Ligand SMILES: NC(=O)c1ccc[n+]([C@@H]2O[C@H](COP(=O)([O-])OP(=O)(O)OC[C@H]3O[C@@H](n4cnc5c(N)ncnc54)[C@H](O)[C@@H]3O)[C@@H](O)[C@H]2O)c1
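Below you'll find only one chain, the form predicted alone, shown as structure tokens.
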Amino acid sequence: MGGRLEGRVALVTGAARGIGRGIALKFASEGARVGVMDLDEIACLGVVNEIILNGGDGIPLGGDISNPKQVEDAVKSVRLKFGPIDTLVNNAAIMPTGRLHETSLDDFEACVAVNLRGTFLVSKAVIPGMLELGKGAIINMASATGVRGLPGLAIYSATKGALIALTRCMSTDYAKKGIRTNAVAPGTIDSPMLEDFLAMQTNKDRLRKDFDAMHPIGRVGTIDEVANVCLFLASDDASFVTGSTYEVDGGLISKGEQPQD
């Protein structure tokens, strides 16, 4: 199988469903051997089976990215099967809802543990191998909410904003070592996370229409549209791109409007 990522070894977190699954499948279709990591090991196996059926190669990695030992074990498993990881997508995230004063301490700590601590731990485990290789591409999955506020997503937005800042710092730390670090900030994407969010709302039908209307392009985005940008950033086509945040948001951030409660 040939492609833009031929010979690459990639690790994608939160890859059992949604955007992460889309990225894993996209990378595999372009020649990368992919570590598919998620808490749901059975779902990871399903994604890997799909990759193999389409002529690619992957390894399922059940694990919690906020757990240092499980992260180390996952990275070791990829290295033993495919060699050192040269492409990393820090995609795993959770999205507790609520204004700040309505957010429980448990939800706050869980969100920080997955969205921020998890990105730290996985990157920390993977970067030494990239330094040995003298090259690498890291993509941190941020969000339009990390650039501008949306109602009811205080802590999620805070972690995504932190990832944008972390991306800039990582790019300056490692660019001269051949490691590029960029962030992707999706707007509203037609994904399982969106469905989970809408399922918790009393006005979900109206809110779903509002999400379409709030994007100047006239609709929410697709998983494939996010995966295509990640493919670009992982590929040699983006060889002079580092420290950037790509807003895959249909104009949402530029418009500056938001749905009302």
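Since the model is a prediction, treat every value here as computed from it, not as a measurement. For every residue, the number given is its place in the sequence shown, counted from 1.
Just so it is clear, the following notes concern the form predicted together with this ligand, a form of the same protein that is not shown.
Thinking of S123, G243 and E247 as the candidate spot, does this ligand come within 4.5 Å of a heavy atom on all of them in the model of the complex?
Judged in the model of the complex, none of S123, G243 and E247 sits within 4.5 Å of this ligand.
Though only this chain appears here, would I65 touch this ligand in the model of the complex if you measure heavy atom gaps against 4.5 Å?
Within the cut-off, so yes.
Is there a non-hydrogen atom of L25 within 4.5 angstroms of a non-hydrogen atom of this ligand in the model of the complex?
Residue-level check for L25: no, no contact with this ligand.
Using heavy atoms and a 4.5 Å limit, would one call M193 a contact residue for this ligand in the model of the complex?
Taking the distances in the model of the complex, the answer for M193 is yes, it comes within 4.5 Å of this ligand.
Does any part of V114 reach within 4.5 Å of this ligand in the model of the complex? Heavy atoms only, please.
Yes.
Could you tell me which stretch in 227-235, 52-60, 37-45, 201-209 has residues with non-hydrogen atoms within 4.5 Å of this ligand in the model of the complex?
Answer to the contact question: 37-45.
Let me know which residues along 123-142 have a heavy atom within 4.5 Å of this ligand in the model of the complex, or say none if there are none.
Contacts from 123-142: M141, A142.
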